[in-house]
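Before any questions on how it binds or moves, here is one chain, the form predicted on its own, in structure tokens.
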Amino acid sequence: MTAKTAKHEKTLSQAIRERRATPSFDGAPIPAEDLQRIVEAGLSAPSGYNMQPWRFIVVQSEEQKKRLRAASYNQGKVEEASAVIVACGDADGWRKDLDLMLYQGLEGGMPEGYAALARNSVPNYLSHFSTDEMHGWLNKEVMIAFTHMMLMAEVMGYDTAPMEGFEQPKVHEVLRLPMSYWVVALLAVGHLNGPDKFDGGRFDMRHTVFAEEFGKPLK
């Protein structure tokens, strides 16, 4: 099947407003340069201490998508999508990457005093996390990068489906993930096949947003 380029680019506000969780994809391959641009958007996301604990596995082969589908409650769009980006967090990333993070930071103008402080504060903070606390931290960090990728794909004219329906052990097995990896979410990317998902609407701001303290409306 020939690679299918993106449609016209959208503004960010348009992409946010019009985005839907795509129910079905046509499976046409994505050009490598487009996929790289989407992934790079995730790599550009902010993270706590700039530790960048995310790890992305990009699944495109038909055989691997089929196996991943079986680990994702048999959801058809896993196999239909042009690519599925499996967004993970590495619980041991901070141990392995602290020196690299500080080196790059110092090269980019990080003050020596800040680097010295971070060399102690990062291990002091993260080494005391329980497994659940670490997974909670990874969820927050990885989802920022995940959202960057999803919105970049939408801006570029692709369709996306964020997915949280999968079985952690089975995804680990299919992708041969290290034990320290925690699978956070799957991002299916491609082109819509058939009708788009209905507009489910959003709650009114008065229902979910408050000013200064709970119960006071934002004016």
Ligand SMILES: Cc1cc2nc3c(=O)[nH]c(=O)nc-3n(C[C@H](O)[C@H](O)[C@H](O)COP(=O)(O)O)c2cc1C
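Residue indices: 1-based, along the sequence shown. All figures in this text were calculated on a predicted structure; none of them were measured in a lab.
Absent from the display: the form predicted in complex with the ligand. The rest refers to it.
- Taken together, the three residues Gln75, Pro162 and Lys197 all lie with some non-hydrogen atom within 4.5 angstroms of the ligand in the model of the complex.
- Scanning Met143, Met134, Leu102, Val122 against the ligand in the model of the complex with a 4.5 Å heavy atom cut-off leaves one residue, Met143.
- Although the partner is absent here, Lys10 is not a contact residue: none of its heavy atoms lies within 4.5 angstroms of the ligand in the model of the complex.
- Taking non-hydrogen atoms only, His207 never approaches the ligand to within 4.5 angstroms in the model of the complex.
- For the chain shown alone, Ala21 is a contact residue for the ligand in the model of the complex, at least one non-hydrogen atom being within 4.5 angstroms.
- Stretch 75-83 is the answer when you ask which of 88-96, 122-130, 108-116, 75-83 has residues with heavy atoms within 4.5 Å of the ligand in the model of the complex.
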